[in-house]
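Quick setup: one chain, the form predicted on its own, written in structure tokens, and binding and motion questions come after.
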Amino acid sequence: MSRRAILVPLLALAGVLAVLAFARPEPVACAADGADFLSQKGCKKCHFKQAKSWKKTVHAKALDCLKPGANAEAKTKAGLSVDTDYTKDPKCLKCHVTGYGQTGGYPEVKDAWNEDEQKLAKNNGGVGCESCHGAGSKYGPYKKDHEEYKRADVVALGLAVPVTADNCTGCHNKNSPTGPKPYVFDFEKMKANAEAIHAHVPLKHEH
């Protein structure tokens, strides 16, 4: 068999795999450098005002819209089944919960969860703090134990500061099945939308 006869099928296969890799949105924030997720409950201990305002946002309710009968108009328009329980679909959960399948995050879908997994599911439902700011097991305790810390210190430990659309477009992109067509993500508009994100509380110290 000629070298060309071998390379052509391999290149074609690579193309197919590339398409499949981008078939669904992928969240940006993840457990970098071995950090684990703390969950909304873990973040709320120090960021009560942000957590309280977040609970009223569409991000907080992101898991609910996957339930049967929910978000019917958008699902119908996208050609999705209104009666299907998409809370059992890992492809959807990656962008509708926090830390799907990662340590401390929302547990992977299976027939039955144990007690610990049930707690993780409860505390990581929706697009929460660590979906945008990264898993917090390293930078969270640091902030608590170092009152004079600088923001650069916790950034070095894994805190993500969403200052560009790159922090959002892992999920907010044209591959979103219920998103508008053509899909254009307006980062500045969404950043200022109180119904989408939490309240911003001024930092106590100079950074």
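Note that residue numbering follows the sequence shown and begins at 1. All of these numbers come straight from a predicted model, not from anything done at the bench. In this text, the rigid core denotes the largest set of C-alpha atoms whose superposition between the two forms falls within 1.5 Å.
Just so you know, the form predicted together with a small molecule exists too; it's not on screen, but the next bit is about it.
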Note to self: Within 4.5 Å, heavy atoms only: does residue 119 come near the small molecule in the predicted complex?
What the structure shows: no
Note to self: When the contact criterion is heavy atoms within 4.5 Å, does residue 74 count as touching the small molecule in the predicted complex?
What the structure shows: yes
Check: Given that the partner is absent here, does residue 131 sit within 4.5 Å of the small molecule in the predicted complex, heavy atoms only?
Finding: yes
Check: Can any non-hydrogen atom of residue 163 be found within 4.5 angstroms of the small molecule in the predicted complex?
Finding: yes
Margin query: Once both forms sit on the same rigid core, is the C-alpha displacement of residue 162 at or above 2 Å between this form and the one not shown?
Written below: yes
Next item on the list: Have a look at residue 163 and residue 103: in the predicted complex, are their Cα atoms closer together or farther apart than in this form, given the change is 3 Å or more?
Entry: closer
Note to self: Thinking of the 3 angstroms or more shift, are the C-alphas of residue 129 and residue 163 brought closer or pushed farther apart in the predicted complex than in this view?
What the structure shows: closer
